[in-house]
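Heads up, the chain below is alone and in the form predicted on its own; it's given as structure tokens.
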């Protein structure tokens, strides 16, 4: 049985996906995750939201949860189907793992 449509991978519970909202919304989401007993949180973003994801990680580590350390940072390029042209385009992505 072939599956032609690609399904989105399931979202991990300790992952915060950064988009267009203000930086502090994502900082609060990360703090909530940490206060609920999680020792690690992952901040992910693509495209123009990458700079906001870096801001989230820095505000968390420097201001709110000073015991947090950046465990790893991984960058990648993902191919995404363009909504306007229908072709494939490359989009940069970042994943920042923070832990206590």
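Positions refer to the first chain, counted from 1. Keep in mind the model is a prediction, meaning the values are calculated, not measured.
The form predicted in complex with a further copy of the same chain is left out here; the points below concern that form.
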item: Close approach of residue 15 to a further copy of the same chain in the model of the complex, 4.5 Å, heavy atom; value: no
item: Residue contact check: residue 28 to a further copy of the same chain in the model of the complex, 4.5 Å heavy atom; value: no
item: 4.5 Å heavy atom contact, residue 51 and a further copy of the same chain in the model of the complex; value: yes
item: Distance check, residue 40 to a further copy of the same chain in the model of the complex, heavy atom within 4.5 Å; value: no
item: Contact set, 77-100 vs a further copy of the same chain in the model of the complex - heavy atom within 4.5 angstroms; value: 77, 92, 93, 94, 96
